[in-house]
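As a starting point, one isolated chain is supplied in structure tokens, in the form predicted on its own.
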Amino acid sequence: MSDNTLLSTDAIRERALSALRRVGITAPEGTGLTARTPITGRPLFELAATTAEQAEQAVTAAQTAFRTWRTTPAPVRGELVRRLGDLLREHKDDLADLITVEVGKIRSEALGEIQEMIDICDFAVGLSRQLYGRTIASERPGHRLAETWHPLGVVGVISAFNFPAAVWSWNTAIALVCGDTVVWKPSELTPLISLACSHLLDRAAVEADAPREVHRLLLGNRGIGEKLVDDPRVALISATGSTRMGREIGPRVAARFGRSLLELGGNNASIVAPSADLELALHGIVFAAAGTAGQRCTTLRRLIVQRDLADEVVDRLTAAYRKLPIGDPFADGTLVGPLITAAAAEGMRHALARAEAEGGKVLVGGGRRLADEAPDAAYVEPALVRMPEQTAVVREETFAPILYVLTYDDFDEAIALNNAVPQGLSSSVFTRDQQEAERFVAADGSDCGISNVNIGTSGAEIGGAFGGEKETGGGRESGSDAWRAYMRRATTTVNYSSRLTLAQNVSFL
């Protein structure tokens, strides 16, 4: 399908500034950080970066605010998050504009990200009245044994470019109702949406009569994030990014006995079994593999198809890939926008070359689009690659729209292929065989944190805990009981008798 005509960089700049004005802020002009757009690959304007001294002051302010915020009743803390959710609803279109400007997401995906933020605010408001502990049966007469959850402290959030607002909201909405304060260091590629979100939370704090210092924003490069990682006053570091980043952050936080919540790489697979509804599978596969231009941590990167079905599935996917509309993410009908940087496109080209060297065949895609119209941007055709086996390149995560197709003979082999990678985030199976479906989600099935049946690997709801195993880091964010990562547990024994009875029948004095 033909590409769309791109907006000019000047038009994109004005769209971004207009969205910021409607949110209520003027971009802090200065030096140290460049706002740019992947739509044209060009810079928009310069921004003031956070200095080391300002980062120190932000943590100090958050630590001071925590002393008050931790004793504020949780339902009152929930009112701050409720007001944030209202403001997100009010400015949903403006925030979606900023995400498209800075990330290149198509309109429906950008709006979907803001809806995800609204949803987590609703969830967190309800959670503010459900931070339950428990009473435990004591072995001693006249004693009560209980478990209570208390606020943890300052939470440092380090977020990635691909979900620049949603991941922040997962952490921040939950942390705030848990009684923590937050210092946020977003990706340097997405300062505008970060400024907008932070401003709305500041406004919510004023309107909810909460301390403004419960949240602080740091704009800058890696060095600013490292200050959060190494600061002993930051009780929890929640970091989203690459496995390489996690390998650096985890040991540094552990060395100071801090906590870390890591959401790292994904190399997600879907199995297509003989009984699968192929039309349903096709829709799930194409969205999971090509949506967000392959730049989700849950993007489908490996397709494991029963051998007898492989040719038909590949033919249907090839036809679908040839029709994918690639171009301006603001334009109606576009399904695939740009990669975030030219470096990402180079990584894709390198991975495809390796795949061919390892015996693979590129069936469709892999080429560049809009090179004349936007020479500094990175528009690529999602690629479908038939592989003879799960080679070295297939076992690695390339953050681009490459889908490797593998085959299997029996279901045990399919599960083994799914699990035989270092990452363990998301997985799925397409089958109408109940035995296969149940086996896939059983203890000896998929080893991933997310295991889906008859749906793709992308598109998680906020109600479930989000995260994965192995090199994905083991963290859990968003729903279910993920809130416990943001609190500390206290076990309490109350003796309301007139005797001091020791546990385990110990006798002393």
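We number the residues from 1 along the sequence you see. Note that this is a predicted model, so its numbers are computed, not measured.
The discussion below concerns the form predicted together with nicotinamide-adenine-dinucleotide, not included here.
Undergrad: Would you please decide whether Ile158 lies within 4.5 angstroms of nicotinamide-adenine-dinucleotide in the predicted complex, comparing each non-hydrogen atom pair?
TA: Looking in the predicted complex, residue contacts with nicotinamide-adenine-dinucleotide include Ile158, since a heavy atom lies within 4.5 Å.
Undergrad: How about Arg322: is it within 4.5 Å of nicotinamide-adenine-dinucleotide in the predicted complex, going by heavy atoms?
TA: No.
Undergrad: Please run the contact check for Ser187 against nicotinamide-adenine-dinucleotide in the predicted complex: heavy atoms, 4.5 angstroms, yes or no?
TA: Answer yes; at least one heavy atom of Ser187 falls within 4.5 Å of nicotinamide-adenine-dinucleotide in the predicted complex.
Undergrad: Answer yes if any heavy atom of Phe466 is within 4.5 Å of a heavy atom of nicotinamide-adenine-dinucleotide in the predicted complex; otherwise answer no.
TA: Answer yes; at least one heavy atom of Phe466 falls within 4.5 Å of nicotinamide-adenine-dinucleotide in the predicted complex.
Undergrad: Only one of Ser428, Asn418, Thr240, Thr100 has a non-hydrogen atom within 4.5 angstroms of nicotinamide-adenine-dinucleotide in the predicted complex; which is it?
TA: Checking each option against nicotinamide-adenine-dinucleotide in the predicted complex, the one that comes within 4.5 Å is Thr240.
Undergrad: May I ask you to choose, among Leu300, Val214, Leu264, Ile271, the residue with a heavy atom within 4.5 Å of nicotinamide-adenine-dinucleotide in the predicted complex?
TA: Residue within 4.5 Å of the partner: Leu264.
Undergrad: Based on heavy atom distances of at most 4.5 Å to nicotinamide-adenine-dinucleotide in the predicted complex, which listed stretch, 363-371, 379-387, 240-248, 100-108, is the contact stretch?
TA: After filtering at 4.5 Å, what remains is 240-248.
Undergrad: Of 205-231, which residues get within 4.5 Å of nicotinamide-adenine-dinucleotide in the predicted complex if you count heavy atoms?
TA: Contacting residues: Asn221, Arg222, Gly225, Glu226, Val229.
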